[in-house]
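Starting off, we have a lone chain in the form predicted on its own, written out as structure tokens.
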Amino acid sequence: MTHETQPTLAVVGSTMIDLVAYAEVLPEDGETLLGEKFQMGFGGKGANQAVMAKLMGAEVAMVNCLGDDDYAQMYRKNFADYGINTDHVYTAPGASGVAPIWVDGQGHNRIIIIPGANHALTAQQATAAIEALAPLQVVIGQFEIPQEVTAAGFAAAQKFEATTVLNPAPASALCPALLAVTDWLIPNEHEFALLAGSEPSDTALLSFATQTATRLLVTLGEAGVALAVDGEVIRLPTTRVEAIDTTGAGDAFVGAFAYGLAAGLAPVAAAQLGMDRATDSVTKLGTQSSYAPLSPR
């Protein structure tokens, strides 16, 4: 794929330092088990999606707030190493975000996120950042920063005709103001069930897309993805692989999908691109460390 210019994206979202413990079996309440390995890495849904989009070839800017701790310095260096624009990564007193993660022998994970400075980002900062970065083709958001902050960034993005992509995770009730400025809504199957009150049947997908007035894409894990666009449901299967760590796979999908949209791909082709990168990521340990650009074919 060649382009006269690189696609341009901004991510109004989170950073987390991932503290990952691997064990064959995860402990029950009150139980202590011996783990197999520990890994510290860079995560946060927003940062993960930014890294994946950058690896695909986009020009990416991060809009975020870090703490004044050592983790913040580590994260700024990580962004610099990837070549991600940090002109609008702000500093707030206190701790940066962290995410303790447990991964079992089948690659399934349990995650607790502690947002820290992520929640210090303001609506005014998000608006000013998007206005300064315009024009942009895509702006991505998630639920690891306050929804009103993402809504402000999205509203600014739409003034410049950028496409807005919302990954509503971790799942919580959708703020009407944010929904009003969301073009693409991308939950996973569990988030969809919580938001829509239903499993992702074709009827439920079309109903929720109509209710939210969005273009809807639901990631379904090993079952692939389902798109509800223009009154039609399209289901795309994924390639089966042996998963060793699913942490960050959904973010790999969103980052690559957003890149595809910014690059001018049709939604189905962008979704195929996202599935390819997400499937590749689950065959490796870690979050951002498991991401890779698409290999030439």
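Each residue number is its position in the shown sequence, starting from 1. The model shown is predicted, which means the values in this text are computed figures rather than measured ones.
One more form of this protein exists, namely the form predicted in complex with alpha-D-ribofuranose (RIB); it is left out here, but the text below deals with it.
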From the candidate stretches 23-31, 229-237, 51-59, 246-254, select the single one in contact with alpha-D-ribofuranose (RIB) in the predicted bound form, where contact means a heavy atom within 4.5 Å. 246-254
Can Thr287 be called a contact residue for alpha-D-ribofuranose (RIB) in the predicted bound form at 4.5 Å between heavy atoms? yes
Using the partner position in the predicted bound form, report whether Ala193 sits within 4.5 Å of alpha-D-ribofuranose (RIB), counting heavy atoms only. no
With the partner left out of view, is Met16 within 4.5 angstroms of alpha-D-ribofuranose (RIB) in the predicted bound form by any non-hydrogen atom? yes
Does any part of Leu220 reach within 4.5 Å of alpha-D-ribofuranose (RIB) in the predicted bound form? Heavy atoms only, please. no
In the predicted bound form, the residue from Ile113, Ala155, Ala120, Ala128 with a non-hydrogen atom within 4.5 Å of alpha-D-ribofuranose (RIB) is Ile113
Note: exactly one of Leu185, Ala99, Leu133, Val103 sits with a heavy atom within 4.5 Å of alpha-D-ribofuranose (RIB) in the predicted bound form, namely Ala99
